[in-house]
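There is one chain below, alone, in structure tokens, taken in the form predicted alone.
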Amino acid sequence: MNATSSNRATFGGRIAAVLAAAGSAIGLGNVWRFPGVADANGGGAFIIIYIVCVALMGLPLMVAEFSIGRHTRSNPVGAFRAIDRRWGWLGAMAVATVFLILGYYFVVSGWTVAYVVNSAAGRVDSTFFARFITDPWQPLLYTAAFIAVNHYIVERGVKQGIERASKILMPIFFAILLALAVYSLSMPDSSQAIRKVLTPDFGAVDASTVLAALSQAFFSLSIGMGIMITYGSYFKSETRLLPTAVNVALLDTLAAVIASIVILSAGVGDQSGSTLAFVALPEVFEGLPWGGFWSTLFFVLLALAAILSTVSIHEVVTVYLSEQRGMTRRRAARCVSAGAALLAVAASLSMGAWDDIRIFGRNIFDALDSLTATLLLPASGLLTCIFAGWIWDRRQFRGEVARSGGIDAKMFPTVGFLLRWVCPPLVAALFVFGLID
């Protein structure tokens, strides 16, 4: 095991572990991507296929990453290296990937803060987004404010920072989401939205639906990023890994389904991504009673999802610098925040003043997004499948998963089978179709 294991911080217990991991998994994609994809792919039918993809690919991979982290009590680089020195580069790949993600994710996170402020002030209209993202200074100021909050949480450490933030922010997130769901029942399309979500339309399902569900399951659960390895390294010895992974997946899916009811009730299911969140929905709220209040609440929800996700991404790189490069946590966190801030400046300005700078025909923001989502994350996920299923000593793997006995021990053969024979071709398909799309 890694030498850091003897004095490594841990989460306070199972609930803290679930909330922290679920906070990482529940990101902006649950709110602004899942509803539109579900609407276009048979509603409830897509949700059923998505759950199957989570069971066949997401859960085994999450359990594997939890196991690697807890077994080694180390960051992704140290974890892979501790098990097999030849595979340390895979951890380095995960760390580099999440650092690139952090750069442009900070920009989008800054947008959510800007919309909280401007929605509350009644300054958001149909033209606000286009004017805002091309402004050279405003997005940078809001991004800086978001980075400061993110940095504060990470710098305070595992228990006083990440765990405490998860325990406070996750209940608030779900309270706001449920409030928005109740409010959405008053919208004209609410009954149709509920039917869409709860009634499977398998006539709208084809091969692209399965691929979309597979993609959503992969990216939604924060696998292949080193995050679950890092958080797994903070789990107590008695934490049951399989039930923890199941609870994380359930919370993640619940958030996505409730968000789908909200979004589809507003009649904007044909939109997705930033267009849905920052253009279409504000227009809907603008025409509703108390629209400014509910619009502000929606963007508070997005900001909470963003902070919980970016804290976990930041932590992966911070703990790597701390453990592998000998930095104090404070210095490591500052290096990560400063480096990601520089990337964020470039990504933000590429939407306006630096739009003429192109990387393979894309601006800096889109290039970072495409590189990580299309190439690095699927490749990392595929290699993690191979490592856990074929490289890691099966007895050690079983020892981590089956430590608590009971259903955990009984389910290990299934987890091992899925990691060896099912997960690799599924992730490989995602990788290949992402490249040729």
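What you see is a predicted model, and the numbers here were worked out from it, not measured in a lab. One rule holds for the numbers: they count along the sequence shown, beginning at 1.
One more form of this protein should be noted, the form predicted together with a small molecule, which is absent from this view; the next part is about it.
- This chain is displayed without the small molecule, yet in the model of the complex the stretch 24 to 32 from 64 to 72, 39 to 47, 24 to 32, 390 to 398 comes within 4.5 Å of it by heavy atoms.
- When contacts are defined as a non-hydrogen atom within 4.5 Å, all of Tyr105, Ile227 and Ser309 contact the small molecule in the model of the complex.
- Comment: the small molecule is not present in this chain, but in the model of the complex one of Ile313, Ala344, Val319, Ala79 has a heavy atom within 4.5 Å of it, namely Ile313.
- Shown without its partner, this chain lists Ser119, Thr253, Thr239, Ser220 as candidates; in the model of the complex, only Ser220 has a non-hydrogen atom within 4.5 angstroms of the small molecule.
- In the model of the complex, at least one heavy atom of Ile101 sits within 4.5 Å of the small molecule.
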